[in-house]
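Just the one chain here, laid out as C-alpha cells, in the form predicted on its own.
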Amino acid sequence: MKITTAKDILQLRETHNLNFFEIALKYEVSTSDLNQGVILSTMERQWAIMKQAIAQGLDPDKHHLHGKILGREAIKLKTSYESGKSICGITTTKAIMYALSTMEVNMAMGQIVAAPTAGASGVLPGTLKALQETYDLEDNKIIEALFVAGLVGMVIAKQASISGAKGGCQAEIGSAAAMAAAATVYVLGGTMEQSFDGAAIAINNMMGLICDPVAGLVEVPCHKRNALGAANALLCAEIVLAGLPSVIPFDEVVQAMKQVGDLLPACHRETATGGIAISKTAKAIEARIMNDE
C-alpha cells in the first residue's frame, strides 16, 4: 500500500470502502513485518504510556519531575482549574493541562511517546485524554484516533518534515496540532475530508513558527507551545465540524510548510542562536545552567 499524500488516502477510501482508521491500520501492516494484532497491541501500549505520563506530571508527589529551567507547572494550572478559574472551558483547559504535564515528564527524562517528536509529545495525548473524559470515549476509539493521527503525521513527514532542526517549530508543534485536529474530528464523527481540513487549518495557524529553544533545551518555549498546539487542535476541529472548510487543501498546505521551513535561517531551526534563545534573560539562564554543570 503506497501512501504519500492525503489524496492517496481519499482515493483508497473510494476504491476499497475503508474508513480512516482501517486505512491507517492496513498501511501499518503493509509496511512492517508485524501482524495486525501486534500492531494494535503496540498502539494500546503507547496510549497507556501517554496516560501514564499525564498522570505522573500531575502527581504532587513526583518532586523529581522538573527540567533545568521549568518544573511542576501543570499542577498550578490544575489548581486554578479546580478552583473554578478556567477561562477556556473544561475540554480545552484539560487538554492544555495534560499537554503541559506530559512535557514535564519529558523534561525530566521520563517515559513519553514522541508524537511526532519528543518536543511536541504533549499535544496529541493532551487533546485525546481531554476528549475522552468530556465525551466518555472508550480506549478503543482513542486507539483508532491514534492511528489516524499517525497516518496524518506520516504524510506530513513524507511531503515536508516533522523535525524542528529541518523545518522549525512549525514542523513539530504544527505537525502535532495537525495530527491532533484530524484525530479529534475522527473521534467526534467527522468525515475524512473534515479531518484533513482540520489538520490543514492547524498547520496554517502555526505556519512559520520558528524553533528557538532557550539553552538548547526542550523546555522554553517548547513547554507552553505544546499547550498552544492542543488548544489549536481543538479550535480547528470545532471550526470544521461546524461546516467551515479549509480553503487550501491539506497537501498544498503541507507543501507550503515545507517551502517556508526550507527558507528559515539556521538560527531559527533548533540551533538556539535566534529568537528568544538569544534574549538577555535566555543567555543568563544558559550561563547559569552551564555553571551548575
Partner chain sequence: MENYSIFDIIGPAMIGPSSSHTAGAAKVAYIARSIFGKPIKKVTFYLHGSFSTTYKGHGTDKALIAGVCGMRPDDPSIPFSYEKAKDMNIEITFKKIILDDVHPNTVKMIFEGLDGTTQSIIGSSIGGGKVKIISIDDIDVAITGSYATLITQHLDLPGFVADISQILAKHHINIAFMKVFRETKGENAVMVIESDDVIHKDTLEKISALEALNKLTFFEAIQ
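Since the model is a prediction, treat every value here as computed from it, not as a measurement. Numbering follows the first chain given and starts at 1.
From this point on, the text means the form predicted in complex with its partner chain, which you will not see here.
Would you check, heavy atoms only and a 4.5 Å threshold, whether Asn140 touches its partner chain in the model of the complex? Contact check for Asn140: no, nothing within 4.5 Å of its partner chain in the model of the complex.
Given that its partner chain is not shown alongside this chain, does Met154 nevertheless sit within 4.5 Å of it in the model of the complex, heavy atom to heavy atom? Close contact exists here: in the model of the complex, Met154 approaches its partner chain to within 4.5 Å, heavy atoms only.
Residue contact check: Met192 to its partner chain in the model of the complex, 4.5 Å heavy atom: Judged by the heavy-atom cut-off of 4.5 Å, Met192 is well away from its partner chain in the model of the complex.
Contact of Leu124 with its partner chain in the model of the complex (heavy atom, 4.5 Å): Looking in the model of the complex, residue contacts with its partner chain include Leu124, since a heavy atom lies within 4.5 Å.
Contact test, all of Lys68, Ala114 and Ala118, partner its partner chain in the model of the complex, heavy atom 4.5 Å: Per the other structure, all of Lys68, Ala114 and Ala118 touch its partner chain.
Interface residue in the model of the complex among Leu209, Ile96, Ile201, Ile162, criterion: non-hydrogen atom within 4.5 angstroms of its partner chain: If I apply the 4.5 Å criterion carefully, the residue I get is Ile162.
Of these, 216-224, 192-200, 81-89, 130-138, which stretch puts a heavy atom within 4.5 angstroms of its partner chain in the model of the complex? So the stretch in question is 216-224.
Though the partner is not shown here, which residues of 136-151 have a heavy atom within 4.5 Å of its partner chain in the model of the complex? Residues within 4.5 Å: Leu146, Phe147, Ala149, Gly150, Leu151.
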